[in-house]
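Have a look below at one chain only, the form predicted alone, in structure tokens format.
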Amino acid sequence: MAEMQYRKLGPTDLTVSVLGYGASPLGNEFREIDAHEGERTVHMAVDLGVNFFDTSPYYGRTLSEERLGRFMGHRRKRIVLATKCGRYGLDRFDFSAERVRASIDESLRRLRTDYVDLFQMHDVEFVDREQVLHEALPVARELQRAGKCRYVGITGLPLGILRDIAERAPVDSILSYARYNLMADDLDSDLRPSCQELGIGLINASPLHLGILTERGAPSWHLASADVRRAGERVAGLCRRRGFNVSQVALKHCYDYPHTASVLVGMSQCRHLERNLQAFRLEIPPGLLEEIRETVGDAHNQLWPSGLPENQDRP
């Protein structure tokens, strides 16, 4: 099994595994899982060096937090634990000061711990950014001073609002998803420079473009256009012809990007963990990434809308 790699999360004192454990599947977010297998996977991940775990009350509508809290047990002290606040359902968002204060206490009870290492504002593009700036983040800093969280971050899909919030209020980390992988790389041009200038840790989620970069292809719920889905199929076919699994190539490509501290991958089975670890050993042959870029074509950096109209990235 590949030896785990670690990076500092920006200027914080958190050292996180390059492969991060995305805990949304523990909440049956995509399909019902075997809870016993999920527990074995959590234990195996920690034992093999995965130390960054990311969850949210939104995942499984609290089930992910509840299960992760139960599964961690004595391994909690070996885990850099991140959770979120502000999103509680498909269309349920509340970034008010009162709700943020209550949310962390609820999360701590479910996670069976007295603090989290990283407390994140979840999918900030769905609300008025002024509330995030003037209510949620100041309260999160209060909670930090109270010892309930060590650091504070924001998450979302559109890069512009993440950059704007970070430039107007101090945050320790930004989690962005589906913006750096084989289909998209605008995180590198549109967010990374600001993070480096401001001293903000960067976390990359959805290296498989929410399931597009798999042999199975895009799940039925995916919001990507038909052009993006077809491009993903072409990339998978290209990798197959070259003797590679597209998911392994996609993971290694993201692991190799030096400007993100961790790459979050959803896992609920030991075989998923083993496969994700194996990708560290993959050697991508010269020229393959260029071929993939040509194969993606016009679907490159073609994302889907998320959040309020005023919070969308402008083309």
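From a predicted model like this one, the values you see are computed outputs, not experimental measurements. A residue's number is simply how far along the shown sequence it sits, counting from 1.
What follows is about the form predicted in complex with a small molecule, which we do not show.
Only one of 66-74, 285-293, 272-280, 41-49 places residue heavy atoms within 4.5 angstroms of the small molecule in the model of the complex, namely 272-280.
Out of the listed residues Thr214, Thr113, Ser96, Gln144, Thr214 is the one that sits within 4.5 Å of the small molecule in the model of the complex by at least one heavy atom. Only one of the listed residues (Ala169, Ala224, Leu108, Leu208) places a non-hydrogen atom within 4.5 angstroms of the small molecule in the model of the complex, and that residue is Leu208.
Using a 4.5 angstroms threshold between heavy atoms, Val265 counts as touching the small molecule in the model of the complex.
For Thr260, no non-hydrogen atom is located within 4.5 Å of the small molecule in the model of the complex, even though that partner is not displayed. Although the partner is absent here, Arg179 is not a contact residue: none of its heavy atoms lies within 4.5 angstroms of the small molecule in the model of the complex. In the model of the complex, the small molecule lies within 4.5 Å of some heavy atom of Leu175.
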